[in-house]
Every structure is written in C-alpha cells, then in structure tokens.
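Before any questions on how it binds or moves, here is one chain, the form predicted on its own, in structure tokens.
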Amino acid sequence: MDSNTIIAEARRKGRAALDEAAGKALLASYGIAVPKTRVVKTPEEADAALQGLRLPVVVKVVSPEILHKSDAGGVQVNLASAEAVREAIRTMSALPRIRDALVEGWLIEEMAPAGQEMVIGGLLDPQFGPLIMVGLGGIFVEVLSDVSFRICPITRLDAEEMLDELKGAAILGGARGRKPVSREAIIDVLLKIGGENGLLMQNENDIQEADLNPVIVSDDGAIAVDARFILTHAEVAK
C-alpha cells in the first residue's frame, strides 16, 4: 500500500492522525524496518494472531482517541503466550482511560531486539516547510533535549552532521564499554524520512508532525518500534 492510499484512507474516516498500524505501513512503504504486526478485535483472536510471530510480543491499544498509549496504560510488553496476550487485553480494557475510549482493536507485534533508543521526528513549519529532527532516546531527549534539526530535504552530509551535533554522540560509537551501533542505519532512516525523495517531502501537504519514538538501533540495523503521524488540516492538503 502506498503513502497516498494510506493517508487517503485515514482522511476518508475523518481521522486527524494515522493509527499505529497505518503509521507503520507508511514507514514500511518507504523501506523503513518495522516490527511484524497483527491487529485483533478481541482477546479470543490471540491464538490465530500469534501464528507467524516470534515470541515474546507487545500488545498496544488501537484507538483514535488515545494518541499516547503508554500514558493511558495501553501497552504491555514481554508477553510470551496466547494466554498472556488475552489477559493483557482484558486487563487493559478495564483501565478507565481505555474503557471510556473508542477502542478499535489491539495491535500485537514482535518485540525489537535490544539496542540504542533514538528519536526521529518531523514537523511542517509554516515558514520553512518540512523539518526533521534526530536525538538520542530516553533521558537524553526527555530531560536534556539533546536533539538536532535540519530543514528538508537533507543530504547524507546533513544527516552525518546531525548525529555529530548530539551531545551524547559518543554513545553511538560505544562509549563506556557499550557496543557501537550502526550510524549507517540511522543515516539511512533519516534520508528515507527527510531526504529529497523522503516521506516528509513527498507528503508535505499531508504530514503535520511525525514522531518515530523509539527507533531501536543495533550494530547492524534500525527498527521503528512506535510511530505517530499527525495529519494537516484538510484545507492544507488541497
């Protein structure tokens, strides 16, 4: 499914944002790795959904009324059986912020391998157009605001300089005994998001905000574990 089809389907449903499954389909359409995913409507579908998935898995609520799933208690990880998945769905369904929301289903996906958490985002600036951001995940972005921005489209040199500008850049190279992670994999994602033919440039009239958080980077690859896309107002897209 291409980006135009994914975004058009969301707009047809009156959505202001892509749900996580649609967001990951959008990333996959640009060649960005995402976890293997299934969406179920009920806990009883867990057995069938786990066929072909590698355990353990994570389960997340799918709701157009819940953008920040973790804040609502709508994420459970390290689930190693169909029974654990069913129990997780039942437990989360009873939480107040989920019980009172429109819940369209439950996303079940493989857990990503361990690695360095990164954040890659973007926004449509009224003056400069699409901007792209990269930062180290966790405390580095939440407390230290250790991020770097560029106006799109970016080149490979821009992507390399964005990483060099991060105060915690040494962590990527394996500081304090850590295993180095693949800068090449991060640069590849940055170019697929903010490069000349990247997602933000090709969907400039439709994407108001993009948030890939986290992107897990290992020594040989990067995978977007969560993705949030806010759409522009329909008048902008015309």
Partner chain sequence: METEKIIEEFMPLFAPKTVAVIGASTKGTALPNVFIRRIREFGYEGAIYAIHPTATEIDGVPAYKSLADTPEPVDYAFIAIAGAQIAPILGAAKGRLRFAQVISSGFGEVAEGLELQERLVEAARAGGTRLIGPNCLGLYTPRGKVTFTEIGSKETGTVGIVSQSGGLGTDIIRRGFSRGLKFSGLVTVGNCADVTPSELVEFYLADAPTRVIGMYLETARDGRRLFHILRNACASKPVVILKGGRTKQGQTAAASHTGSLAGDERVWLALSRQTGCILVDTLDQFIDVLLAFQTLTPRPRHPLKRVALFGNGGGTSVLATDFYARLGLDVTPFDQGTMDELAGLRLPPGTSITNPVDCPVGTLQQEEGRVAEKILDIMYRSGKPDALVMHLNLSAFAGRSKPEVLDNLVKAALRVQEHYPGQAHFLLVLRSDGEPSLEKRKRDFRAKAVELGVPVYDEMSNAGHALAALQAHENFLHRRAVPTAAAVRT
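Positions refer to the first chain, counted from 1. Keep in mind the model is a prediction, meaning the values are calculated, not measured.
The next section is about a form of this same protein that is not shown, the form predicted in complex with the partner chain.
Contact between residue 131 and the partner chain in the model of the complex is found at the 4.5 Å heavy atom cutoff. Though the partner is left out of this view, residue 74 does not reach within 4.5 Å of the partner chain in the model of the complex, counting heavy atoms only. Within this chain, residue 168 is remote from the site of the partner chain in the model of the complex, having no heavy atom within 4.5 Å. In the model of the complex, the partner chain stays beyond 4.5 Å of every heavy atom belonging to residue 205. Checked against the partner chain in the model of the complex, the candidates 82, 98, 112, 123 yield a single residue with a heavy atom inside 4.5 Å, and that residue is 123. Checked against the partner chain in the model of the complex, the candidates 46, 27, 57, 210 yield a single residue with a heavy atom inside 4.5 Å, and that residue is 210. Of the candidate stretches 101-109, 151-159, 74-82, 88-96, only 151-159 contains residues with a heavy atom within 4.5 Å of the partner chain in the model of the complex.
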